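Take a look at this single chain, the form predicted on its own, given in structure tokens.
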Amino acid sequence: MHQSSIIILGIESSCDDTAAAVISNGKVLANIIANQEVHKKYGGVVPELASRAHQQNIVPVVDAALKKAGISKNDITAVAYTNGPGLLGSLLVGSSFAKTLSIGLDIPAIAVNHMQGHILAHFIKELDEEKEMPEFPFLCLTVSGGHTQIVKVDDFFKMKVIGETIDDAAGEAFDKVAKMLQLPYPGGPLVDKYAKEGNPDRFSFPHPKVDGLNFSFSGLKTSILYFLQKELKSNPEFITENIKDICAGIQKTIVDILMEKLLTAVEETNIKQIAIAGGVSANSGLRTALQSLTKKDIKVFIPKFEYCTDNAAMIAITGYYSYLENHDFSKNSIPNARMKL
């Protein structure tokens, strides 16, 4: 450990983005993502096609990250990779590549929990800027296509889920509702785009009754479906004519549900620092609602857009802290599609 720079190569391949990043002493030197266009025509991610695309993308993406960072593979201290949760075929491509590289270079391979990565994205430093980071303990709302959780974060690797969805994730609800509105995949960002121009109070939808800090979005989805079916009967052009207001009402409902539980969590834990993570944290309605909490003396941390969605910088930063803490880096860890925090 006498090396002056700890350089971590991060690899993320949990779903349909192949990503590689290089972090030196906690600062990002490169963060490269290859998106897969192939899924658009199917209206969702096709696992078999995703893993094939990862196989084609992984070498060029890692190569591009090393070039952008201005380092050679021999400068890497350790390689960190996503070990789960995610699509098994996709995870296998990234983990096999990382382990093989680590054997070839005789460096540690660090298995990273994808959800932990999203939370620790708050600790990524940029080369040329100072930024404030959350202090432990803080609450993190992780919202993505597959997860909706409130996590109490006591330390880099001491995290406890104190509330989570009992059915669909918020991101999944956005995408499924977008499908009902006949918007192309991925629909979540389009709902957000239309919502910005609509009236959020024109159509209102029920909030589910769920105990404690848990969430539920499947009932909301059903009530939106029935609402649309009823309106379309009397006016077949209902969606086209009212798309902005419908999206605004749906977005407001989802954001309100998330915020209600988050505020309850603040009251119950008395923790006044809130961070947000995961793909849905790019949603403008959620960002605005969170920023308004500063009036209540709550400190809010919102990552840059590029660190909200799946990226390898968050895997590299988690690997960096894992390396500093001398975790066990066995090459025997097996990718786990349903890995828990």
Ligand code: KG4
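Just so it is clear, the structure is predicted and the values come from calculations on it, not from any experiment. Don't overthink the numbering: it's just position in the shown sequence, from 1.
Form predicted in complex with the named molecule: not shown, discussed below.
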note = Answer key: of 89, 108, 134, 146, within 4.5 Å of the named molecule in the predicted complex (heavy atoms) is 146
key: Position in contact with the named molecule when the complex is considered in the predicted complex, options 34, 298, 290, 282, heavy atoms within 4.5 Å   = 282
inquiry  = Whether residue 273 contacts the named molecule in the predicted complex should be assessed with a 4.5 Å heavy atom distance threshold; does it?
reply    = no
message = residue 81 versus the named molecule, in the predicted complex: is there a non-hydrogen atom within 4.5 Å?
response = no
message = Is residue 278 part of the interface with the named molecule in the predicted complex - any heavy atom within 4.5 Å?
response = yes
request  = Answer for residue 61 alone: is it within 4.5 Å of the named molecule in the predicted complex, judged on heavy atom distances?
outcome  = no
4.5 Å heavy atom contact with the named molecule in the predicted complex for all of 164, 249 and 252 = no
key: Candidate stretches 224-232, 164-172, 256-264, 122-130 - the one whose heavy atoms come within 4.5 Å of the named molecule in the predicted complex   = 164-172
request  = Give, in sequence order, every residue of 188-202 that has a heavy atom within 4.5 Å of the named molecule in the predicted complex, or say none if there are no such residues.
outcome  = 188, 189, 192
